[in-house]
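Heads up, what comes next is one protein chain in two forms, each shown on its own as structure tokens, labelled structure 1 and structure 2.
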Structure 1
């Protein structure tokens, strides 16, 4: 059976136009030309999709690399990318049919051979950071000039969306072979723009790929991404006119954007979930009543108001409302109920409250979140202490050294939701501090989500999985952070996406 192919580009634009954000403005046809100047808050780790490691590299990568599978901005459903279609010949065989006429920036054709080269490199190269993504793939074969067949060791319908991430970004085999390690800094892809220069920590410049497969696009002649680490300074650069676009702003900056004349703010939900990870492998968090009490003790609306200026989506599940696999029923599981939390704690043997140690990042915004959490927990009798450090330090402390009962951190999301649940709750997974399966049903439920290729049956499988995770309170999600960007009036056609990583493929500049 074939996955229903998504809408094409024109239909997609029409859909965007129909959306609320742009409905009031008179829509002009996109104009070709112009350089978009962007203030970017991070320097990429590398510009090779296989070897890089930063979650914020994607904004740069998307300009230079097209993915085999694209995704719907609003729901993250898979859409045709460099692969026009895909289908499972049997549960262990995935066949991709490629888009004809695609060439890399260096003129190398992006055909089945090139795709095989990339997928094999992603699976086997010692420097590849995307090996875990393709763990279920046992071999990749060229089955036609534009057809690739992947053999799997278990049914895995998460693969199409996995191929919308780093693992599906195609690099030119010619360039990778010729440059070796230097491809990290001189990448050659098949995306709408090609790299001109990367001045470390300063600026990345890309220019139009003349042989891009869509003759209409890209609209922009090029993009200059100036790296300004401090988002307040980045926003100032747009207000003063040095840049046109700034992204990854904090909700608190909304007031500044609104005060500035001629600036448009863009906000949209993302998968980025601020949450409390729980080590459910040992006392006191191995008791489901304690974990439920924790979830009932949190007033998510208040948390949103206090730490996100009210500009985020309160979270009880690990997926936001607009996601295709969201289950509205389970979302009602934990209303704010301090009495119930106290009662559950008493039942669990803590009538006089209990002590919890929380790991947290040491930056100002994280500590602000911590203060709100500690105060809310105090009201139900949980006495929280904390220890702070940098992100790598705390991640190591909580997940490897097993320090702390709870970790106030975030989940950045994955293109396919099965990965989100697998990585956080699967037995032996890194982001599961206990390393155990909290309840025996969770393993089969996880497998079930990757068995069917039909989205509506996958949705049912996710509903079942979400029910297990939520009823056992294996995590305490707090809020989904909104993507917050600002741009000048002349920037047109920008839409945020649920992944929260900006794509400029449909952006154009007014004359």
Structure 2
């Protein structure tokens, strides 16, 4: 079996040995009809791709929004989406040729004018959280009824894959103008399904978009995503037949799936990194020595064993070992060294340790991770307190309200690695709680990663960027988590993807 990019081979084989497997099901003669019932562990922050802030939102967004560029599930290579093709007319000009006959859920056309509206809104709207994604775009022009020309301020080879994420999800201009902020809860996209209702923290229901551009899809009449925060409860709901599909399970739950004879497990590699976000714009985290001490204090191997049954990849960088942009030299920067951590704290003026406040999710799995982290930090003199809440609550608290010094959360990965570094460390980026560039070299280094289409040149640029981020300890990665899902026998055609964010576009239900 070929191990896809972004996965540690030994850890993946260990998961297979434990009985997990990537889905290799052949989608033969898919049947139309039926409602897929999904147990979802999170409530979305919003259902507008431009204004939302949670990486877990994507599972909901993918049902309602198509992207300008799609991606291959296993490799994240760009594929045609709402744009049939794209090309660089010159290093500063990207031209998109759009798919004909696409309409939004409200019946209005998804043409070049609509795409320009969306890209301009994503770049300029005060409420947009995807502005950094399009920082290299200076203007968007309608160059034909189905052609859009993007002018750039520097060469940017990451743009096609950037347009496979939130920045490339198209909303109806008519709906956005009419609804304003209400579009957060009443989105109108051009995806396979359209919104029926959102009962906050309870259920999101979507139904078939009858005028979808692909007449063969979607296969499902609709999807009901029931919010069940505890994944153990979500798994039990599938075992009991109340739901058909549950995602974001932990490796420890594989044994439960195996005992339930009516379930099929699906496992796959992802870029999902459990980590400690750091607000490096406030004391004491504005001191690089404190941030470095935090990284030396973490025993990642032990964390993996205690929280992931040893079946995940310990993380020292924001990219996994098999990723093409991974730098093995920088990965050696923070071995577990509590003596070094204590020494750095003393040099920073904290010979007797310090107090940190950690934001965390309130589900059982996250609280278990928190206990392990707190105990490891205690051993070097870091006294940690915490406050818990749902993902939307804690994301808002840490990144908007600036509560907490550290956030035990996760980075869900992006199709192009430049986005990962831009969104977490770029000045003004939402997932950079400080909103500042910790060191002035980050901006130019980020731009350098997007200048060339040559992979070897990009790899060198990423090595420089990773060196800056790592030496300044701007984050504390812990482990890369595998996708683990379970579904009933009647669910067919599901395939995991490297982002670890479920897409149901090819799913169908057996009669």
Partner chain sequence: MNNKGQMIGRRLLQIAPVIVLATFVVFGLLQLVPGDIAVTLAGENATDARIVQIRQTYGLDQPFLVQYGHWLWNAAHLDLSRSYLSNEPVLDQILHRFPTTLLIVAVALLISLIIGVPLGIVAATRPGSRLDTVVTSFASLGVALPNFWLAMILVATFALTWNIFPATGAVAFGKDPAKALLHAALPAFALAAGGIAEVARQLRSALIEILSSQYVRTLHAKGLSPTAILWKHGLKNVSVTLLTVVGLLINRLLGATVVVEAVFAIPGMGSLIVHAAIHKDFPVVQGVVLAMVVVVICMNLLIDMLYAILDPRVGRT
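Between two forms, the rigid core is defined as the largest C-alpha subset superposing within 1.5 Å. Positions refer to the first chain, counted from 1. What you see is a predicted model; the values in this text were computed from it and never measured.
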property: Selected structure - criterion: the form predicted alone; result: 2
property: Hinge of the chain between the two structures, where one rigid part gives way to the other, from 94, 270, 48, 466; result: 270
property: Estimated from C-alpha overlays, the smaller rigid part's rotation between the two structures in whole degrees; result: 32
property: Cα displacement of residue 330 between the two structures, once the rigid core is superposed (Å); result: 10.7
